[in-house]
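Below, in structure tokens: the form predicted alone, a single chain.
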């Protein structure tokens, strides 16, 4: 069984990914600054849980001695905190990637998987976007991830470690830990508003476009990359569904699923407080499309439809009111 280190293992995506990999035969060392000991069902799946600060040189040194087969690096500040002072931001978003690769690649590391973002591309054109599309970040979040991609590329060329950059689209789905900060994500937010307030309120006119992929499908995609025997010379991979939705369309899908589940119609408010009656306003707009051909060639295919994923979120939100125990 492969020995895998997941950094940021207690975060929104990291907790789901660590659980999925552990349940599929990998020996997981979960690293995070959050103490997950109250979630015994989750921690029991892990081979080891290490609590600490990724900036701590002693911790990095001790991690290097454990001789992992795979490292999956997820630690990053969010969009807002990435706009902070550059020394602080780079100490979390950039330097740990460099330090982990510098130390662990010398100890027989087979693969290093870095979670980047579509935001390295900047404003997405209304066209097909593949892994060769040129990066042009327009915020510091995208900039720091692009810097890390370049570090990953460097080590992919000069070491025996296969170093992979994942450019992730927009994840969604229920959290593993109640503390996971995930309710600002669009689909999660819409489901929570519908469930708690009986309405959905948009912060925009509904025209922005997104590609949404469930966090369990993201986990499956990582599993495919781990198991692949490819040489990964061409080492950038999109993880997405290849389907693009306008935010207004998404709001109506959530409202329709809510109505089907609870037999109750809910209004969708636009920023001017008018009510949207139809999702058709932007259906004829030209759209970007994230090409996932490279992942499909490795055997990955998204399995969770938008409808199924939204139902899963409503089931999770309903469970919060019925059971305050160890939920995932």
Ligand SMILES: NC(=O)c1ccc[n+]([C@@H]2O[C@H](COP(=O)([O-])OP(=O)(O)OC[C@H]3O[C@@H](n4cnc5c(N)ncnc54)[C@H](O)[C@@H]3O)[C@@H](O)[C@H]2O)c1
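Positions refer to the first chain, counted from 1. Everything numeric here is computed off the predicted structure, so don't read it as measured data.
This next part talks about the form predicted together with the ligand, which is not shown.
- Taking the partner from elsewhere, residue 33 is found to have a heavy atom lying within 4.5 Å of the ligand in the predicted complex.
- Under a 4.5 angstroms non-hydrogen atom cutoff, the ligand in the predicted complex has residue 54 among its neighbouring residues.
- At the 4.5 Å threshold, heavy atoms of residue 92 reach the ligand in the predicted complex.
- For residue 145, a non-hydrogen atom is located within 4.5 Å of the ligand in the predicted complex, even though that partner is not displayed.
- Comment: 169-177 is the region of 223-231, 169-177, 101-109, 196-204 lying near the ligand in the predicted complex, near meaning a non-hydrogen atom within 4.5 Å.
- In summary, among the residues 121, 236, 257, 75, the only one with a non-hydrogen atom within 4.5 Å of the ligand in the predicted complex is 75.
- Within 4.5 angstroms of the ligand in the predicted complex, the stretch 1-40 places a non-hydrogen atom from each of 8, 10, 11, 12, 13, 14, 31, 32, 33, 34, taken in sequence order.
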